[in-house]
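One chain is shown next in structure tokens, namely the form predicted on its own.
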Amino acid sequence: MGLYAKPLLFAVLSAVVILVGTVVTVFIPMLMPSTQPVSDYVKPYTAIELEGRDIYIREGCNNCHTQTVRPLRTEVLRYGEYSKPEEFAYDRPFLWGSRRTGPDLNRLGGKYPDSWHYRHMQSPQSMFEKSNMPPYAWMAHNRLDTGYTRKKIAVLGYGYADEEITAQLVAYKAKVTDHAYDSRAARDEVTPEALRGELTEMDAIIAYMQKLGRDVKQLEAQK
């Protein structure tokens, strides 16, 4: 007898126990600083990198590429240092991915020059004959829309003032349109003449890819 003879009371008490267990094991850890590490060496995305990240999400790149180097010998040898939690402090949403149709991109930043990315985005098969990645040449034909950049950065809490956002966009535009830009020839090959003085979607996604893992590499270089 006792509690087992009172099914309604048993059900209510079971629900309470499950609820308390869920709160303790799921929701409380979400609010603990130790589960959301932030390091000084990991910097928020700049305005142009954030726009490139949004294009990466829009095109579903995370459906084929992961951004998590697992602590496995083979992956560390291929990609570099394994991923740490604090690297993703400014990622909302996370883009870890699960399908490794293409290579992991978490340490892509700085591995190749911008010129390599312009040519690879235009025609992956021109760089790797057996690549199954589709071409994204049309991105260089689309002027980058920065109409919501300030709002996105405010919502994500990156802490940039309007003047800083403007300065970041102006500086990156000046960089890729400068005659001395070291990847100018490759950019001009893929960018229509009418847009060579503007920021394009391809400029933005390349800026984002050059950010991936860059902070970690700079930290390791200082050791």
Partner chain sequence: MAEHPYDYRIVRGFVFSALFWLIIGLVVGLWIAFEMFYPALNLTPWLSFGRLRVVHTNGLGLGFGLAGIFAATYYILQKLTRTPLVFPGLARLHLHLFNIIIALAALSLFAGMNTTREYAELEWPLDIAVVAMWVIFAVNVFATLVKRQEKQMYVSLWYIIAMTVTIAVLYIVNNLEVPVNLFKSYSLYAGINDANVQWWYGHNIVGFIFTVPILAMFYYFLPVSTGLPLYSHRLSIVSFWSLIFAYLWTGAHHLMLTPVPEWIQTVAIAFSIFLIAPSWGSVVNGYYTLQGNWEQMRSNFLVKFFILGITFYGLQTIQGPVQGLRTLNAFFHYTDWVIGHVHMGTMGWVTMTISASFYYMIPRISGRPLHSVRIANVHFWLILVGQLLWTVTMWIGGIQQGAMWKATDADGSLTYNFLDSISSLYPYYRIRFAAGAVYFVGILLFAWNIVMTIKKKDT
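This structure is a prediction, so every number in the text was calculated from the model and none was measured. Positions refer to the first chain, counted from 1. So that the term is clear: the rigid core is the largest set of C-alpha atoms that superpose within 1.5 Å between two forms.
One more form of this protein should be noted, the form predicted in complex with its partner chain, which is absent from this view; the next part is about it.
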Just one of 58-66, 38-46, 190-198, 165-173 has residues with a heavy atom within 4.5 Å of its partner chain in the predicted bound form, so point it out. 58-66
P29 near its partner chain in the predicted bound form, any heavy atom under 4.5 Å? yes
Does at least one non-hydrogen atom of G102 fall within 4.5 angstroms of its partner chain in the predicted bound form? yes
Does at least one non-hydrogen atom of P113 fall within 4.5 angstroms of its partner chain in the predicted bound form? no
4.5 Å heavy atom contact, Q125 to its partner chain in the predicted bound form: yes
Residues within 4.5 Å of its partner chain in the predicted bound form, restricted to 90-126 and counted by heavy atom: D91, R92, P93, F94, L95, W96, G97, S98, R99, R100, T101, G102, P103, Q125
Given a superposition on the rigid core, I'd like a yes or no on whether M32 shifts its C-alpha by 2 Å or more between the shown form and the other one. yes
